[in-house]
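For reference, the chain that follows is the form predicted on its own, supplied as structure tokens.
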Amino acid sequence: MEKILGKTKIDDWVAALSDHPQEVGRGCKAAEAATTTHWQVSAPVLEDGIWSYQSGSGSVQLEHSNTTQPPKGFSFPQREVFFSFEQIKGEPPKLTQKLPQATRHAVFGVRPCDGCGAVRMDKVFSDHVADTYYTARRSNVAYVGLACNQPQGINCFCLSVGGSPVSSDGMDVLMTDLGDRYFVAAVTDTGKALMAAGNSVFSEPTAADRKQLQQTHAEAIAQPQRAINNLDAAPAKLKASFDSPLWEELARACIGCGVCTFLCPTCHCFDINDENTSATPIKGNRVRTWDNCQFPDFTMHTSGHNPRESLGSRLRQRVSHKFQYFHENFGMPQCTGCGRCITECSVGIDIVNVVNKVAEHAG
């Protein structure tokens, strides 16, 4: 399904989604969805100089830079309660599972690097091992993507990792800015349902629209970007450099804040803890939270031994996970080239430079 949407009509489409029961979804029966849910629309909003996804923010504006934080939190929240527990003396413990609410999220303005990030998250939590909590949320999230007519910053490098500024991977709908209108293309059945909900606000594309779409996409792909040299050789180069002293040199400035992984669209490491809310009787929650391979205690053993005690070993873990380990497991780099970890690093550590330098050092 391909349509044209005038920019003045986008709020009408959002209104139609908010009022329209969802009829097609991943892993959800049409009858159930149609009688229980509507779409909750989220879109990028600029607040205090930071673009972030917010819902119910009024008019949707898609002339935005990429968000600081990726949209992965809709499927993989930073904090999630698995179950609550209660222990009353003399009675067996009581466990109550906390499954995600079936709220439908239509996330507008998702850039292709983040769509590709969703593909990689799905491989970890849906394809490799079926994570009940992730899949329950993911089945209720639809991505309405926005192609990048030009790089969203000086540190974009999606082309170097097999992506594209106009990629539809991971999207349900891909929109392309054609000036005063968007070319809107459904990618999945969910995307078709989203467009069908606002059917009256769309018009049919003309031959001129299609020609402009092709030209716009070609020009977007031709825009200059940062480059990782010889991505295909990176896994072997990184493996050969495991014991290289270069890691310590490259990580010398790191302060271990973890912003690089918390803002990454594909980092998925987590910790699980029990949080007590009451001492008498004993009550609490088992909670999953994001964890970070750049933290000193990430691989701390109960014996007190830490196999990644140094900054260099932790930087090596992050970079190798992106460009070696994930490739060995799934046949693709984990990194999608969004550049957030470079742009937001307070000490200027640059993953593109790191990969290139390590590869060069390996010979």
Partner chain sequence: MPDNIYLPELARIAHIKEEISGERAIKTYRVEPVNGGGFEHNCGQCAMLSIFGRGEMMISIASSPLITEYKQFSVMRVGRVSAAFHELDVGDVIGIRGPYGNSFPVDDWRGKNLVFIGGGVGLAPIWPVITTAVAQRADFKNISVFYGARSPRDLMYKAELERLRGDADIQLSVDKAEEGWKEFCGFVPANVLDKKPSPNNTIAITCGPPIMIKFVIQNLQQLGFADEQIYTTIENKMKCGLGKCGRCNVGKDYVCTKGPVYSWAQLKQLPEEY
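Residue numbers count along the first chain shown, from 1. Only a predicted model underlies this, so the values are computations on that prediction, with no experimental measurement involved.
FYI, the form predicted in complex with the partner chain isn't displayed, but the following is about it.
Every residue in the set 83, 288 and 321 has a non-hydrogen atom no more than 4.5 Å from the partner chain in the predicted complex. Residues placing heavy atoms within 4.5 Å of the partner chain in the predicted complex fall in a single listed stretch, namely 92-100, out of 229-237, 215-223, 187-195, 92-100.
Residue-level contacts in the predicted complex: of 74, 202, 183, 125, one residue has a heavy atom within 4.5 Å of the partner chain, and it is 125.
Heavy atoms of residue 53 never reach within 4.5 Å of the partner chain in the predicted complex, leaving it off the interface. Although the partner is absent here, residue 299 is a contact residue: one of its heavy atoms lies within 4.5 angstroms of the partner chain in the predicted complex. At the 4.5 Å threshold, heavy atoms of residue 133 reach the partner chain in the predicted complex. Using a 4.5 Å cutoff between non-hydrogen atoms, residue 138 does not count as a contact of the partner chain in the predicted complex.
Within 4.5 angstroms of the partner chain in the predicted complex, the stretch 181-211 places no non-hydrogen atom at all.
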